[in-house]
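This document opens with one chain alone, in structure tokens, the form predicted alone.
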């Protein structure tokens, strides 16, 4: 890590310039996503009085917490110009290892949970090693790791995962704190920490710089190799933790428990205002995108539409959201305000 105060000051100055340049687009994007969520919830009350209630909001936040955690890691990877397709397999890895290594029979075995996350982090490190040192494209490397991990889990479980959810995971996902669901409070704390890391830390500035121009970041003194590895490790650990949350919520693990979160994790990041090419985006926008997708899925499920029609509607709304939240639109709006 480069501790040169001159280099850090240079990144501080450049980070401030970049933030001031993109603040209008990303602020508008975040507010637009928040408004869409509110409109969906209020509009749902015309369909059914039970929709849009506070209990429905709690349900959306609890279900959205899985996608928020996954999208945090995916967002960091996308910020540097990469893509992580191994998230579903790593989330499944975290859930299966938690139920097998820890389980509910021995409360004192909670200390094994960090080992579960460490195992997931190792998968992320291997992906990053192939991308950074072997020059394998992120799409290919993470997809290969996903296939490898899924195959290993199939052999490890012999097709049938066993074990029970750890008590600490059940308490996290089903407990109550001061009358509020524990996952909602966890979500608030996680969003705060994720925002501080991505938008207010020197590591976040390094990631923005690398996503904008790798060579310029290297010349400016950024630890490029370490900062290109870090997002994949964080993404894998986040996926493993999301797997732990899933087993706490459902009280068990399956071999395909993470499959439905791959495309939403990417869509949440892009809908939140991030560029799929890297260098631009905020975690708060990603959180908004994740909550928007969860709200949409919850409402469609409550209506009782068939799965095929639900998928078409979800895809259409995501496409419309992406078109409305394009950077070019924000630039035109900004020119009108000036």
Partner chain sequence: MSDIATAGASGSAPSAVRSGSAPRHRLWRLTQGAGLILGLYVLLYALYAYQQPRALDSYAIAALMNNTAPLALAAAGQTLVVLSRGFDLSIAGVISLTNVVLAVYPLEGPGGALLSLLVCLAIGGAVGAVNGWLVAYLRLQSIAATLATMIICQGIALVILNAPGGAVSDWIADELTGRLWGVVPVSGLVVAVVIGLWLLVRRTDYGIALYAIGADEPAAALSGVNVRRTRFLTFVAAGMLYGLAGLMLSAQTATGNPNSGTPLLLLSFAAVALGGTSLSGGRGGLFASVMGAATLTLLQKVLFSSGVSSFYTGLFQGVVLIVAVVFSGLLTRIGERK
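Numbering follows the first chain given and starts at 1. Keep in mind it's a predicted model, so treat the numbers as computed, not measured.
Quick note: we don't show the form predicted together with its partner chain, though the next part is all about it.
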Contact label in the predicted bound form: residue 308 to its partner chain, heavy atom within 4.5 Å:
yes
So, in the predicted bound form, is residue 234 in contact with its partner chain at a 4.5 angstroms heavy atom limit?
no
I'd like to know whether residue 40 contacts its partner chain in the predicted bound form, with contact meaning heavy atoms within 4.5 angstroms.
no
Please check if residue 188 has a heavy atom lying within 4.5 Å of any heavy atom of its partner chain in the predicted bound form.
no
Using a 4.5 Å heavy atom cut-off, which residue among 172, 113, 230, 85 comes into contact with its partner chain in the predicted bound form?
85
Just to make sure I understand: among 135-155, which residues lie within 4.5 Å of its partner chain in the predicted bound form, judging by heavy atoms?
135, 136, 137, 139, 140, 141, 143, 144, 147, 148, 151, 152, 154, 155
